[in-house]
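One chain comes next, on its own, written as structure tokens: the form predicted on its own.
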């Protein structure tokens, strides 16, 4: 029996090393390929800095929008059982499985001039195509499922009895949410915001359909690769990867603190 366990442990370790190697090898090669001079030139390039800042800025806006409109909806899904709930949850998950260019085409079908909604936007002077608004729209579309699902899991982990006690003492539903539910689930919401931002900041396929300009960092990486090859695209890719790495490290720290809090309880 012990021999079988040892064999299984060896297999798990080998599989783990293969997975880690599969992920790290391309990234390490990408990080070590650009010279320091190329990286320095990319950091000093105003277009590169602007594109990375645009990616961070629009991803942050998408996360804020997801937080504002997604929090009440996530709470509703966590607390209510109703006919068609599984269908609603499947619809929420659709942006995660739809091919990215299809997302851009779908949004373009609505905001384009050939559709009544797009015509209304055009008449009142709102431009979605080739604008920051268009980028934020796309990033919210692809990022909001990550926030809603994470926040919903956080709400489901809190016993409704705590809220019922607050309501029985005369507190309103809104007051109960602010004083009881929110303090207990804010870490899950913050993790959801980070997840949403991380997903949004890496989006390319849908963004390039809606707004090739102004350029986000993924679009700039693609353009430089197509025009000049790896030597010019790798430095920008390294900088964007570092930003994503910082976001996910932040996420892991929050998750660790959340687990420690559960263990203490």
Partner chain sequence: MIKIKGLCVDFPDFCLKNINLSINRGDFFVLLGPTGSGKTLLLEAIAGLVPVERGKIYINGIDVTNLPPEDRGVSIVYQDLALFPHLTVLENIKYGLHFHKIDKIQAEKKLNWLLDQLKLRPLIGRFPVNLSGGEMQRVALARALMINPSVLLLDEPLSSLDPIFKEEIRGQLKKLHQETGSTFLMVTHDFTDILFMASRVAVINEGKIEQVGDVEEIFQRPRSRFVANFVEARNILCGYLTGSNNHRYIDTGKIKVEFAENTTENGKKVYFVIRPEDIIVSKIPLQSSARNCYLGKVTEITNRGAIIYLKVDVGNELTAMITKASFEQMSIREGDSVYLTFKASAVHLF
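Computed from a prediction, not measured in an experiment: that's the story for all the values here. Positions refer to the first chain, counted from 1.
What comes next is about the form predicted in complex with its partner chain, which does not appear here.
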| query | finding |
| --- | --- |
| Of 165, 88, 94, 120, the one that lies within 4.5 Å of its partner chain in the predicted complex (heavy atoms) | 165 |
| Contact segment among 104-112, 187-195, 145-153, 168-176, judged by heavy atoms lying within 4.5 Å of its partner chain in the predicted complex | 168-176 |
| 161, 180 and 183 each touching its partner chain in the predicted complex (heavy atom, 4.5 Å) | yes |
| Any residue of 51-89 that, in the predicted complex, places a heavy atom within 4.5 Å of its partner chain | none |
